[in-house]
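Given as structure tokens, the chain that follows is alone and in the form predicted on its own.
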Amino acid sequence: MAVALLQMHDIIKSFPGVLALNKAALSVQPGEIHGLVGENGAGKSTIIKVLAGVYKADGGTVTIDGEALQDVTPRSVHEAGIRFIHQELHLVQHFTVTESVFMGQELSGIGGLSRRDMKAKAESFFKDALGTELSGDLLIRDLGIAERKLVQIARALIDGAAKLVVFDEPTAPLSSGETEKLFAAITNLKARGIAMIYVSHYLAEITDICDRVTVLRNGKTVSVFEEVLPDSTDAMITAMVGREIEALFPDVSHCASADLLQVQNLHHQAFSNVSFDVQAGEIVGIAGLIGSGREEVVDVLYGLKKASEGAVKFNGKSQAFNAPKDAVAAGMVLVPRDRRHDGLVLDMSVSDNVNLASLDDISTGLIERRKMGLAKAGAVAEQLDIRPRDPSAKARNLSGGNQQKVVLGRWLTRGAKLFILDEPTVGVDVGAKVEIYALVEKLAADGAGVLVSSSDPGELVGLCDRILVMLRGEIITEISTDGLGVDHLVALTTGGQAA
């Protein structure tokens, strides 16, 4: 085997109370696509941030092209030809698309910055490499999550000087069409001899495009798959979780009862004539690509955006939620699609985040009873298996799956009647998915209504009783999941099959 392009050996990294990496190893050959998988908290993002120079390792070595890096910094790894597309969106809100793509690598001419050339090159890259029309003049704050991810990808690839590109969960917010364009770009990079590390919870993607795969568990490298086949998925899952998982979705039948949510002829600039209902004790899904209006329906229901016309009846009463606090007061709660920015206060503890919506329960007058709050959060952490089990740990230091559990735990303490789950398992590993799906099933079994908006067709088919399919701002059909195949649902959401 040729000399490794990248060799990370015996990497150790700890945080207060957490040993994130315990002599982990990662080796990447020139020109290969190397998968990196593991549960949330296994150490994937940490080892990538060590490689990027964002975190300083407590021990171990990093070797690039056979030479050990004495000082691993963002500058040194960039000069070595390594580029990163991190899971978090490191973009400046008031920058334009063009400024974001070329930040730190601007093009200049005789008269200063070549703004016209940068704009043209950025727009050409989006169109040719990613198959997306995106104006270079748009501001980042005006883009959706998927478009921001595409900007991040363009920024990493625009200079064409990369030897190794690290993709950390790049497709999490993307539609199937956008994912295909990204895979085409990855294939082109490989054809030019560029190596890649591909970090993803979507094992189907790993088996589709990766040449080799490294599996992390509890901060250690537990397995390296030298050959990746379509049927390698089960073995990877076993290596990731340390046990076999018999079923991803609980085999439970729901018993719907009274009407809980009734939506009639709802209109918004992103959708029109939306009507549906959710009954207590059932799980209803909303399927649709980015831009279908699916996300905006959720936002309007929860009072984040205003409908232009239509009616909403919740729990037997006509409602017009002007703000999320109105929805919460009525018994409707939301687990948002962007948990880090919209669902959590990252620098607050697990306890503070869990108790954020129910402070009256742990307060006497205006005084918060901290011990009671810690005990309450500890019980939630035990119930949902939030790791670490320390309710005083900062939410920022938790893995994605455990952060999602904290958001869910907050609303469990409210006794809500309707749970709206917007992309409930984006960036969540397979083990945490099983736990979250079991929790959602229990919510329905206990009589709550659940509305799941998701870009994952397999998730909707496996979890929901019926699915509303949105296309170009309209609900084109409502379909039962009994006997429904994922391929059929994908065909409906992409317009490849008539409703």
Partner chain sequence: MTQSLTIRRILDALPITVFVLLFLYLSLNSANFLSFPTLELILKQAVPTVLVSLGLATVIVAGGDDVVSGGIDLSIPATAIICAAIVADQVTNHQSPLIWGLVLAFGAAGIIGAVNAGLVVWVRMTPLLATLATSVAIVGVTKVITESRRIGVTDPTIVFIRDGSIAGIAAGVVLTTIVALAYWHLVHRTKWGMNLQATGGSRDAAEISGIPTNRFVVQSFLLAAFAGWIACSFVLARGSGSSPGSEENLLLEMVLATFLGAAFSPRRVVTVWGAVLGAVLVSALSVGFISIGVNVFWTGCIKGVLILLVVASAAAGREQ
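Keep in mind the model is a prediction, meaning the values are calculated, not measured. Take the two forms, find the largest set of C-alpha atoms that superpose within 1.5 Å, and that set is the rigid core. Residue numbers count along the first chain shown, from 1.
The same protein also exists as the form predicted together with the partner chain; that form is not shown, yet it is the one meant from here on.
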Going by a heavy atom distance of 4.5 Å, is A379 a contact of the partner chain in the predicted complex? no
How about N315: is it within 4.5 Å of the partner chain in the predicted complex, going by heavy atoms? no
Using heavy atoms and a 4.5 Å limit, would one call A320 a contact residue for the partner chain in the predicted complex? no
Is E106 close to the partner chain in the predicted complex, meaning a heavy atom pair under 4.5 Å apart or at it? yes
In the predicted complex, does each of H86, H94 and R155 have a heavy atom within 4.5 Å of the partner chain? yes
Looking at 290-298, 214-222, 382-390, 106-114, which one sits within 4.5 Å of the partner chain in the predicted complex if you count heavy atoms only? 106-114
Which residue, A120, A204, L139, A375, is the contact with the partner chain in the predicted complex, using a 4.5 Å heavy atom cutoff? L139
Exactly one of K127, H267, H90, R396 comes within 4.5 Å of the partner chain in the predicted complex through a heavy atom, and that residue is H90
Given a core-based superposition, decide whether the C-alpha of S114 shifts by 2 Å or more between this form and the one not shown. yes
Core-aligned CA displacement of T98 at least 2 Å between this form and the one not shown: yes
Core-superposed comparison between this form and the one not shown, R155 Cα displacement 2 Å or beyond: yes
Can you tell whether G288 sits closer to or farther from D137 in the predicted complex than it does here, judged by CA atoms, where the change is 3 Å or more? farther
